[in-house]
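Listed next as structure tokens is one chain, alone, in the form predicted on its own.
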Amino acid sequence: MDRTRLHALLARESAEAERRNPRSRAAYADAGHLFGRVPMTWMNKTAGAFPRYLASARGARVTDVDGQRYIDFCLGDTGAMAGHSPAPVTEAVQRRFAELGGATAMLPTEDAEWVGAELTRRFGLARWSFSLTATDANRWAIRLARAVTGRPKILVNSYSYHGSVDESLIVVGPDGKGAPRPGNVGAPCDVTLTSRVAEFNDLDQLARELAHGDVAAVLMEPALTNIGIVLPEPGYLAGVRALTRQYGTLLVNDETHTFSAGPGGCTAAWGLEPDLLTIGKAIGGGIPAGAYGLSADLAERLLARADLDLVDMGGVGGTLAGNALSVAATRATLEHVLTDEAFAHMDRLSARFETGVRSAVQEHGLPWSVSRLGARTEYRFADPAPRTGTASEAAADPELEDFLHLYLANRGILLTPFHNMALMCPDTTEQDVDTHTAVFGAALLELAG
């Protein structure tokens, strides 16, 4: 890679972004009352000097305040995997909020049992409870695992992503031992006191950590996503399940991003058997929603414990969790939008996207790779594709990523800002995919000079 040329192209695209988006630039400059000038500081994770401001979104399209329209392959980093404001969800939310009311009356609705039964059909877990985010679902799953096992520690994979869960912010350090993830803000204690860590795809390291006998649960994504897609090697996930059972450790599958693998995520697609499963974002069709499922045996063991306050102040739940509005949105999403047929359509488009990107990379002889997980595809600046989270983190190239993101955005295409991930939704079309292929190929031509 000619870095001088890359720097020049990046400067050109940054200037073009400023020219095309004056209202977004002005809104960002005027946002003096917001911490970091944005509603959430992670919104500053964007290529260029400022984020584009949202005006409207529908299906697979986003329009910003400057009137620029985009093909959206970001889709809220999975939160809008159903597409933006899908009609069945819009109707269900309007009916629940405007006609029926009682969005958060602290009373259950019949929709909840329908959703629980559907989640059981898709993922296999027998009992379900609700949250507003996957982060909270993970926190509560961790509490339940500690309660039922009597063990203090949680094991995660290095550079996995489970939201802002304190126990998950640990990585494998250069010495092979657990270390705080760089940049962790305000950790309540040394993360090695609460957590253990093993590289994804490394069964030997996992076995060594579980042998200490103090791990309540392994919390893992069946494939790493937020550090770039890292797929499991043959036999790895079966080995994880065997080791967790051998050492009396619970297995929690976080399917929040890996839901892209199919209607039942990786758990159904690959025949996995977790003790707990957590999920969020996509199931609410854009309305905040999350859930965690438990095996029948685990649920019975927990409910039989008279010493656990599962009703009031025990630390599992929140007053807005399972509210009528979120549950109505979740039912509409699962019943009418993210259906088996929709996933088949999304998978076909993702395969088309993968083929287009792979062909362009090969045409230019680049040492890059392409990884796909159902409806989600990502290109990486490494070949072969990284097999661990640490290797995936090392393969990042922020300047190159910024150039590609800006180049695409300036030509009407949005990728997930945290990495080079493209997600399909039911409204994505073949033309959308082919447009990306053409623009991506043009970007590679410019890089080649």
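Quick caveat, the model's predicted, so the values are computed rather than measured. Just count from 1 along the sequence shown to find any residue number.
Here the subject shifts to the form predicted in complex with a small molecule, a form of this protein not shown in this document.
When contacts are judged by a 4.5 Å heavy atom cut-off, D202 does not count as touching the small molecule in the predicted bound form. Of the heavy atoms in R96, none are within 4.5 Å of the small molecule in the predicted bound form. At a distance threshold of 4.5 angstroms between non-hydrogen atoms, N226 is in contact with the small molecule in the predicted bound form.
Of the heavy atoms in G163, some are within 4.5 Å of the small molecule in the predicted bound form. Contact with the small molecule in the predicted bound form, defined as any heavy atom within 4.5 Å, is confined among 149-157, 192-200, 240-248, 256-264 to 256-264. Annotated contacts: T133, N138 and K281 all touch the small molecule in the predicted bound form [non-hydrogen atom within 4.5 angstroms]. Taking D77, D347, E167, E354 one by one, only a single residue has any non-hydrogen atom within 4.5 Å of the small molecule in the predicted bound form, and it is D77. Contact annotation: of the candidates D72, E221, E378, D275, the single residue with a non-hydrogen atom within 4.5 angstroms of the small molecule in the predicted bound form is E221.
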